[in-house]
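To begin, one chain is listed below as structure tokens, in the form predicted alone.
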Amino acid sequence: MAFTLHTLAQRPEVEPHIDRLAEVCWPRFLRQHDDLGLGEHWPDLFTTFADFQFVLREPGGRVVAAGQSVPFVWDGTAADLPESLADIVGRARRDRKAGRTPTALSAVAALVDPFERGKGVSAEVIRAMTALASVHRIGTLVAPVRPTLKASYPLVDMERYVRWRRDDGLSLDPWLRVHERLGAGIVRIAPCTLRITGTVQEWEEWTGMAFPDTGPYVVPGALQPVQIDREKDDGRYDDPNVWMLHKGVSR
């Protein structure tokens, strides 16, 4: 199926669709305040970087997916990749302010309507980011990928998880596999792209679970355990991602 791409700069009225998809795609706890500072930079996605936020419409006009990304300067090494989503957008802001020419486009989010999953739409979101990179003469696409199946194995560390392969050699994880089929390879693990903290009561509201004692808890949608401290009335979750590099983006 052919999709039509509309950027936020072209169609400002699509912003509510991006917000809607974020709400249905992310677990509630991930939509809370990020202690690493993403909230400070988030509005810039919809203003300064409106050319890099987009939706995909099916032929009937319905919005089925959205993509969010930012251009930044990257020296091509694993060590120079940002540690968190806040770092990604923050660096993009600083590069834009300093007038530096971006060398890479980084994905920030790929959002697919739950009713459209399993139909190849997620690959179209990545292809759309590749197309935007080419339009803006940016030669590299990188993505901090949040492996979708990892939530089923929260007690396995990410370094071990990304080594799991199917018989055909591709990743066991379906989202990592989409990127691999599009030519991407793993560069390194990002152990904490978001940090969500809150009181025990807040965590119980966000998850619909009870946390009667101090310790780690497996929470639906979390890629690793949430750490609860009843004595300090505190819960903490660090969301790990996997940096992947897409090769062959044309200028």
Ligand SMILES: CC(C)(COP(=O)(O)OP(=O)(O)OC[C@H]1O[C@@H](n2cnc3c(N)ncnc32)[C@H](O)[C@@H]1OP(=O)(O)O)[C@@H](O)C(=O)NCCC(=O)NCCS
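Quick note: we count residues from 1 along the sequence shown, nothing fancier. Just so you know, these numbers come straight off a predicted model, no measurement behind them.
Another form exists, predicted in complex with the named molecule; not displayed. Remarks below refer to it.
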item: Residue 88 within 4.5 Å of the named molecule in the predicted complex, heavy atoms; value: no
item: Touches the named molecule in the predicted complex: residue 139 (any heavy atom, 4.5 Å); value: no
item: Residue contact check: residue 151 to the named molecule in the predicted complex, 4.5 Å heavy atom; value: no
item: is_contact(residue 177, the named molecule) in the predicted complex, heavy atom dist at most 4.5 Å; value: yes
item: In the predicted complex, the one of 104, 81, 128, 110 near the named molecule [non-hydrogen atom within 4.5 angstroms]; value: 110
item: Proximity to the named molecule in the predicted complex (heavy atom, within 4.5 Å), stretch among 93 to 101, 155 to 163, 69 to 77, 142 to 150; value: 142 to 150
item: In the predicted complex, residues of 3 to 37 near the named molecule [heavy atom within 4.5 Å]; value: 25, 26
